[in-house]
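There is one chain below, alone, in structure tokens, taken in the form predicted on its own.
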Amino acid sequence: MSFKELGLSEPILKSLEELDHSKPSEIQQQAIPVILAGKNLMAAAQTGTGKTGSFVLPMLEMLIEKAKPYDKNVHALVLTPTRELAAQVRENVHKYGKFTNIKSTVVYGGAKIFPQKSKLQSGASILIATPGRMFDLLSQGMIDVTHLKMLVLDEADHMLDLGFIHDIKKIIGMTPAYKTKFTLFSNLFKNKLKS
């Protein structure tokens, strides 16, 4: 199976070719069609299996026609337990979305909030964040999630272990649940893939 057969469009295929990614991994083959079909998803995948690409690629595909270069609405949100993982996901979004006009940014705790607020003012269709900083910025009215189409909890089990459950619940409560698709990735779910 090829990335093209998974339904990805030319700008994304071009970035995959440039990165020398010729064939989707097993988790990508399973997850990408489910996400593109607009279904909720729970999946387990080990580090190094292409887990990040399995949600970033369909996320980009879903936004490629809708996102505008200077759109200030967040259309997709990825919550991660650590700033290191948030930065890694942001790097993947940047690499895979190189030939699209989709803007993304990352916000996390343990760093000054004002530069992050400044980045948000120029808009980002995809936002990658740690739960605490995301909730802080939402509470301050710095982020609009009323147009959110997709919410990903990356390493969901780790976030729960770190005690982020209350922030996550509050964030989910601020999203338009009837419009938002939820995707959870973990190393510990018993079922490998569930939609």
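This is a predicted model, so every value here is computed, not measured. Quick note: we count residues from 1 along the sequence shown, nothing fancier.
Heads up, the form predicted in complex with a small molecule isn't pictured, but that's what we're talking about next.
Only one segment in the set 24 to 32, 157 to 165, 126 to 134, 141 to 149 has residues whose heavy atoms sit within 4.5 Å of the small molecule in the predicted complex; it is 24 to 32. Contact annotation: residue 95 falls within 4.5 Å of the small molecule in the predicted complex, judged by heavy atom distances. Although the partner is absent here, residue 40 is not a contact residue: none of its heavy atoms lies within 4.5 angstroms of the small molecule in the predicted complex. Looking at residue 116, you'd find every heavy atom of it more than 4.5 angstroms from the small molecule in the predicted complex. Contact annotation: residue 88 falls within 4.5 Å of the small molecule in the predicted complex, judged by heavy atom distances.
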